[in-house]
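Consider the single chain below, provided in structure tokens and representing the form predicted on its own.
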Amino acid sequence: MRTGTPVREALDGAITAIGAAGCETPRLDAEVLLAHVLRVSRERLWTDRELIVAGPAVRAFQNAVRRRAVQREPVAYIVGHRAFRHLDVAVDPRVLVPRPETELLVEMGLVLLRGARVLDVGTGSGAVALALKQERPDLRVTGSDISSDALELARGNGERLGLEVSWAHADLLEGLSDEFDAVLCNPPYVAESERGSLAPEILRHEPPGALFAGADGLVVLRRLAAQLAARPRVRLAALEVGARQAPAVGGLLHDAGFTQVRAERDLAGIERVVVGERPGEGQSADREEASL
């Protein structure tokens, strides 16, 4: 007869510890961690009555819960991957954990005309570039990043997923050829004054260079908009922004020559992605304009 801790009992203890630490989703966190340790699906945790936590899994689960509850390490870093649209991408502290709201960038790329050349600036784990290529294999997609460590991870994700994306080491658009019809970007946009309001998961563990962008959070976005102004071939730019930044970023894109500017809201109702379009060959399909 096998001995060990029943799954429900192990989960109850983990949920209590993770919740007491102030984590927002203790049940989900505990289930993801235990499923990872046992190498089963989350559904099986509740449907397989014979499943127990025993042997090396006991210590592994305890360690995972400690990292989450005590160190407040993101679950994605502990398990080493994160779901993003239809993909599962590897992540670690070299890159930001992909967020659901960033999927909006992929949606903006889906409307591009067939064969368009797309650049994902600040690609990090490669999630946006890879998801776009997976859903629109006709597009010619490049992911760029200033971090060589991030590019190493992104390249590995591309190889593992079997998706043909090119990778480039670059500081925004500097040094890149003028061949792109569209630019997507999730840049650093957190203002230094907001540092103290960030959750421990973010502040302690995610790369600060991918988060902070000066006193108002717009330092990187200003540079990128200025570079886009000098690249009229780029017919569509979609930029992720922080809450209340959309009007200012919309103005930057307008000044850069994008005649149609709108903001797309995330599921929380926040204007999360600012989109600028220029008329001409290579632009995206027509969409109703929502002026900022």
Ligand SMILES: C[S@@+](CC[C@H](N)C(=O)[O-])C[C@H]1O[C@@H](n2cnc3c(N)ncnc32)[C@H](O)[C@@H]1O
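All residue numbers refer to positions in the sequence shown, first residue = 1. Bear in mind that the values here come from a model prediction, so they are computed numbers and not experimental data.
Omitted from view is the form predicted together with this ligand, to which the following refers.
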Does this ligand come within 4.5 Å of any heavy atom of Leu172 in the predicted complex? yes
Close approach of Gly124 to this ligand in the predicted complex, 4.5 Å, heavy atom: yes
Thr142: heavy atom within 4.5 Å of this ligand in the predicted complex? no
Going by a heavy atom distance of 4.5 Å, is Ser166 a contact of this ligand in the predicted complex? no
Given that the partner is absent here, state which listed stretch (208-216, 108-116, 191-199, 154-162) has heavy atoms within 4.5 Å of this ligand in the predicted complex. 208-216
With the partner absent here, would Ala14, Arg44 and Pro74 each sit within 4.5 Å of this ligand in the predicted complex, counting heavy atoms only? no
Listed residue that, although this ligand is not shown, lies within 4.5 Å of it in the predicted complex (heavy atoms), from Ala90, Ile146, Ile78, Leu87: Ile146
Of the options Arg262, Arg67, Arg223, Arg231, which one has a non-hydrogen atom that comes within 4.5 Å of this ligand in the predicted complex? Arg223
